[in-house]
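The form predicted on its own is given below as one chain in structure tokens.
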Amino acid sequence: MAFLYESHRQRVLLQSGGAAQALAHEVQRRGAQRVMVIAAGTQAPTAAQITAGLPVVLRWDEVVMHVPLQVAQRARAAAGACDADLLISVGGGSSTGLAKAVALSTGLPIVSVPTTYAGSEATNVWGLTEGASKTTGVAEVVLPQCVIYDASLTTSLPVATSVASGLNALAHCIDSMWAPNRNPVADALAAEGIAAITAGLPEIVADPAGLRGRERALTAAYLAAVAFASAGSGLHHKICHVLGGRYNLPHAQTHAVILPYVLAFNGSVAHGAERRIAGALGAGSALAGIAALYEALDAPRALRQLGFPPDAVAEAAAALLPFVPPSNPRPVTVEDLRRLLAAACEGADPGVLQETVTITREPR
């Protein structure tokens, strides 16, 4: 056995109802004097509440999905103009992503307060969209130095959005099982994340105002993101990044729709990974476990319902092929991608992508 696992230095706190106090402590500990708060308009009241009394010099609410380059450039300029010495992001992956874009060019430290289960706060991965192209990269400077999880801030997140966001975290876990740099440490984190999200999301659906399910989901989001940051981006994430940037599809919902299809495609040859996923789901097979979970959650099923045009399948497949990881456990052709996208577009049975093929490189 040979593997590389690299850990990332980050302070992480989970305390329901404790965000304001934790932020005050963090700002004081760092000696920050000029704080820039990044939060979308919908999160502005929450951000104002938990940052009250802090030395805030700018509140930035131009937050756009997939972080368009022009938006990032404006936020970077604003950070420089107000001479910010700390970034606080409050919200989902788009807010965190914009803070990362600012940090990428300025070197400013980030304190992240997530209000969804996106997981971006626990990775050193950044993404920017220019036109129809989304570019991603890895840089230590974009990793938030502190993450503050407060489940009480997520109770206003609608159930449907919570489900999609949680399934995005599940996708981080599953994709890390066959990602280019996968390793036993990431596998263990991912398996624990799968179990936590499988327990947490049904609790959120049953009791949206309750904290236990949301605490489990936040824990799962962190575990998933750490596994993903270590293992790298696999086939699932490459597909979702291209689709999101090219067709402006909603991030979490796209991940939720694509996940069963990549699982069916890779799981039919990556037997070790499939067994670990099935065990974490508490099911006889990974695909059966996902199907049961999606049924219980009334999860998103079809790309066309998200705005993906059915006549774009061939175009999207051709655009995706250059981004397929060479280490994927099953060889991928443009025809495979057409079949996968066509099935996902209509919400067809993912089982159509399972085939008996010769295993060329099964994940360890």
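Heads up: residue numbers just count along the shown sequence, starting at 1. Predicted, not measured: the structure shown is a model, and the values here were computed from it.
The form predicted in complex with ligand NAD exists for this protein as well; it is not shown, and the discussion that follows is about that form.
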| query | finding |
| --- | --- |
| Residue among Leu281, Leu259, Val125, Leu86 with a heavy atom within 4.5 Å of ligand NAD in the model of the complex | Val125 |
| His66, Arg339, Arg59, Arg301 - the one with a heavy atom within 4.5 Å of ligand NAD in the model of the complex | His66 |
| Ser156, heavy atom within 4.5 angstroms of ligand NAD in the model of the complex | yes |
| Heavy atom of Ser176 within 4.5 Å of ligand NAD in the model of the complex | no |
| Non-hydrogen atom contact Gly234 with ligand NAD in the model of the complex at 4.5 angstroms | no |
| Contact test in the model of the complex: Ala40 vs ligand NAD, heavy atoms, 4.5 Å | yes |
| Answer range among 147-155, 273-281, 203-211, 287-295 for contact with ligand NAD, defined in the model of the complex as heavy atoms within 4.5 Å | 147-155 |
| Residues in 248-281 close to ligand NAD in the model of the complex, defined by a heavy atom within 4.5 Å, in order | His251, Ala252 |
